[in-house]
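Shown here is one chain on its own, the form predicted on its own, set out as structure tokens.
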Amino acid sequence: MSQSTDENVVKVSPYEGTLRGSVQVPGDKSISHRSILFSAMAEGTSRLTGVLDSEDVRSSIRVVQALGAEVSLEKQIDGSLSGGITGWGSKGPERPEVELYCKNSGTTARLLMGVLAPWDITATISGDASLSRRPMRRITAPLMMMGVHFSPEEASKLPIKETGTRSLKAISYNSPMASAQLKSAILLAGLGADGETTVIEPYPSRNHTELMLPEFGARTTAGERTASVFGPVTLHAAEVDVPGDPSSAAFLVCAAMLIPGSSIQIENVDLNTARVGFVRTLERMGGEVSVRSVGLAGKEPYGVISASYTEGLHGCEIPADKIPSEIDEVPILSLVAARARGITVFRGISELRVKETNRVKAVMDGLGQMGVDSWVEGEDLFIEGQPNLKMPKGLVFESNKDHRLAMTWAIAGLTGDQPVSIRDFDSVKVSFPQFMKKLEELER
């Protein structure tokens, strides 16, 4: 299926068989981050199972250790992490002796700002070159309204020095964007404020924070576009079982939909409605895909996603209010749109420009290499599909060290008619280190 030409370049050839059978994907990245951060904040020792072992999640582990949490997570046979985390609880985090380096993890950096907010310590939060280009003012501005100090005060990029306070002010914040990271940072700060802290969003975003916090003893409300916490409160230890990551599952689902004769099931995957928007989009495109709920992991529904090869996929329109529920899947959905009949429109995709890279430009560049027309009008991305697309020989895709793009272009090679190469393919370690292995498990 693939071969490495050097440590950063992978060559992927068209797949001649089918993808069939059942597989599990690694633990959800968003839930893994939160389970680690909340456990570190809590009194006592929390027990975690199914935690994703990836570079991003390791960033969260390192920063909570630097702040005094005791982490005893061990690698399991299935590649996940399980074990205990003893948090700092009511005594608060230790003053870190080093910069809190978040590497490429935006979730770590942004949620960490909320974690530190209720404590009168000073810490410097930093990241790699990619993370240091991503906007942080969206987080610092509302936290400053609550009483947190940042240096420089107008800082919009990392590194940023944060000084918290034990006299946080509860706020009601009308967010200019639907962002689970922004919402979570404010809610985590609100745990240390006196009264109700509320975030109101223009569209629903991922709600893992408000679903998980009650497991740790916090009182929350979780509406469609509104979330609140009531403080002050000290979290207590909990048990968290992390279900599979639907964003990782999406790549396998789309591969099966594009490879003739394929039929797969992905088991034990999170089915939170704020995370499976990509399934609804594939349904609107005529795809043979379905979900079946099996149970609950805490308040997170989990179950099975089934997908089969589908002839006659057609374009559709994805409204702006649905984009937050499939924001990480837009690159791979764009590849499906490139193979569908007609035009697909993704409305309101501005947030994609400030991910690990400018994903709008990167997707358009990659599709252009394939010979697929795409364009932007305002904040909307248009893709004109070619069901009988013949790919040029010798394509070399740039992942821009973005894990979602690396996997998207790998699926392009797998489902195309010519081998392709992907630069910096090892960026998949950020979220789905077992990506190629899981595809191989489905080979028939």
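Since the structure is predicted, the reported quantities are computational estimates derived from the model, not experimental observations. Residue numbers run from 1 along the displayed sequence.
What follows is about the form predicted in complex with a small molecule, which we do not show.
Of the candidate stretches 156 to 164, 310 to 318, 190 to 198, 104 to 112, only 104 to 112 has residues with heavy atoms within 4.5 Å of the small molecule in the model of the complex. The small molecule in the model of the complex is approached by residue 179, whose closest heavy atom lies within 4.5 angstroms of it. Heavy atoms of residue 206 reach within 4.5 Å of the small molecule in the model of the complex, making it an interface residue. The closest non-hydrogen atom of residue 322 lies beyond 4.5 Å of the small molecule in the model of the complex. Although the partner is absent here, residue 327 is a contact residue: one of its heavy atoms lies within 4.5 angstroms of the small molecule in the model of the complex.
Think of it this way: in the model of the complex, the small molecule has a heavy atom of just one of 54, 399, 30, 46 within 4.5 Å, and the residue is 30.
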